[in-house]
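Next up is one chain by itself, shown in structure tokens, the form predicted on its own.
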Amino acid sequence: MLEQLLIFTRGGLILWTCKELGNALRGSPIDTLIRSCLLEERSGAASYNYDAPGASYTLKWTFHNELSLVFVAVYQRILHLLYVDDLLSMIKQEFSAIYDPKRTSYDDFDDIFQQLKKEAEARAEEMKKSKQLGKPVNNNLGRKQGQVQNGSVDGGSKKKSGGESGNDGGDGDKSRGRPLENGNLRNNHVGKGEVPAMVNANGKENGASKTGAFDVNKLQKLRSKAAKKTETVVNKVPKGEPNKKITKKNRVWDDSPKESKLDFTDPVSENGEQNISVVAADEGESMMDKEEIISSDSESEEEETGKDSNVDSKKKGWFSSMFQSIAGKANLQKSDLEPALKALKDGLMTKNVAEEIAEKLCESVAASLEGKRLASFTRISSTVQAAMEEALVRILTPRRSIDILRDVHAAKEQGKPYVVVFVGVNGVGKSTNLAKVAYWLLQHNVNVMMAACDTFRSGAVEQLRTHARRLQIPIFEKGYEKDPAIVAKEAIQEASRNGSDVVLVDTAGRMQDNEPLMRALSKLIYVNSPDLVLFVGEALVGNDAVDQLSKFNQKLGDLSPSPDPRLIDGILLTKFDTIDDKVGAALSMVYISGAPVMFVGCGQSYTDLKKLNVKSIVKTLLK
């Protein structure tokens, strides 16, 4: 049976709850759904699983986008209620008919709900009986016919279970089933009353074979057009002046060349110690304290409007498109949104956004726009782009304070050092960016100490020691082949004794599938309880960003002995100066982990560390 059913506005006002159900839910499934799914642009999913002590719930929902209403049903996961989707759609239809924005109480809706619930349950029972009656009929068919039918249905069912939710379009390859965060396949149910499309033995639907047909006439037309274009280009080339003969210049020999410095290493004294100079005063102000100026986006808007108008003019006639833009469209359907969403998805993937993330974002935007009325003088493409821009800003904007300086001062008032642990895969620049963070903290008069807890990689301690000497800050080290958790614990104790405000803990790089090293990292975090766990990741990665972050969080949770394990708190994105406009890794990392990007490394010097500019990233992603 249902545990609870709610109707509330997008602003958070609860309009109606079923008093007859009145079951006290364990935990807070509705709040978690809003925080982890609806606000995180995961509303395109089919359902959400919530685990609480002593209970496991499944939540399903639907939207009325024109009225900004949300309908949520909660039931025990073990029950597998078949009528919930049908019930939600009927409640949506009936409630929207009596909804008044000035009204806040709908006590009279209880009777309507009971009637709708009985209808949905009866319909589910009829569907169940009809399926049971239909089974023996299929078994009595001839052997040859049965073989063909079984092969076709099996091929179709695999596609359906892999990702479709009863779509009639036959685009099973387009939306492959992927596990969501809650472990369920997306849209792994077939709509009630729908008949699966007939498919052939190869698993393809009827009528789909024409899409890949080869048209010889079209090829000849394209060739003729290309030939005409080349002729016009050749004719338009102006006759240039005749090439002048280039005379060879006399070579000038320099008898006394200047001696160039080839050895840039620091001088070494007789006892073997390097004389490293202090560079903190020469490097200048860190980019963290500088405001980034964004250029005006008028040019990009003009380009986008030009592209959109060309697309619309090709698809429709001038009069029909002009009439629709003036009169407005009644209600946006999913078929209206698909061309614009596909273009957006392809654009995001070219900017290095993981394919899975781009697909989920487009599904969420479609769920938020479906059923809305298109305003006059507005194109669908611009409406979809505005919705996507709003979603991207909401995802990339931190939902909590990321002011580390304030947290450092708060820890200092409590008489303890602020501990930051840097984790990540091999070769992403953890030690270098740790030194950049140390330099930035030094500029704000914060006492910093480094802890060399990378006892695995050869040369890691020496690398950190070099940074510590250059920045003139203390370093705690115990050499190699030591337990990094114990080294970090002793470093924190030493920082408490000598009055250091911040301890920056360097750890060994490890791949997300290396269980022994991941177990050692989980132990380090569990033993020392750092204030901040920073994941250092490259801006160059695409789909691998999802795998790295999700598996890091999974391993930290699974291998920790604590019932409430610490996961990744923030992200430091490195090598940001090498990617041009391929900024999609930032979006993929934030979306999959929910952790904000706190620092961005953009160069080789200590000052090359800055904050993430959300507006600039969103503008680049949608350009």
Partner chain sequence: MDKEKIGELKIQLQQLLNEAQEFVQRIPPLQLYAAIGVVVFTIFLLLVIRLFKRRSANTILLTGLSGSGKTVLFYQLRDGSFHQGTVTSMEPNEGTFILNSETSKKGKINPVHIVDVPGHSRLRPKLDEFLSQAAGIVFVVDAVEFLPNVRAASEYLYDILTKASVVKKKIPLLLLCNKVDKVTAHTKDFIRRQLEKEIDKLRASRTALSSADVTNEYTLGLPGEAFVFSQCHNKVTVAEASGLTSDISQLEQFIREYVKA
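Heads up, when I say rigid core I mean the largest set of C-alphas that superpose within 1.5 Å between the two forms. Quick caveat, the model's predicted, so the values are computed rather than measured. Numbering follows the first chain given and starts at 1.
A second form of this protein, the form predicted in complex with its partner chain, is not displayed here; the remarks below concern that form.
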*Specify the contacting stretch among 27 to 35, 580 to 588, 566 to 574, 48 to 56, defined as having any heavy atom within 4.5 Å of its partner chain in the predicted bound form.*
27 to 35
*Indicate whether the candidate residues 355, 549 and 623 are all in contact with its partner chain in the predicted bound form, with contact defined as any heavy atom within 4.5 Å.*
no
_Please determine whether residue 83 contacts its partner chain in the predicted bound form, using a 4.5 Å cut-off between heavy atoms._
no
_Taking its partner chain as it sits in the predicted bound form, is residue 413 in contact with it (heavy atom to heavy atom, 4.5 Å or less)?_
yes
*May I ask you to state whether residue 559 is within 4.5 Å of its partner chain in the predicted bound form, using heavy atom distances?*
no
_With a cut-off of 4.5 Å between heavy atoms, is residue 406 one of the residues that contacts its partner chain in the predicted bound form?_
yes
_Just to confirm, with a 4.5 Å cut-off on non-hydrogen atoms, which of 93, 401, 458, 529 contacts its partner chain in the predicted bound form?_
401
*Tell me, out of 77, 465, 394, 334, which residue has a non-hydrogen atom within 4.5 angstroms of its partner chain in the predicted bound form.*
394
*Partner contacts for 585 to 606, taking its partner chain in the predicted bound form and a 4.5 Å heavy atom cut-off*: 594
_I want to check residue 29: does it shift between this form and the one not shown by 2 Å or more at the Cα, with the core superposed?_
yes
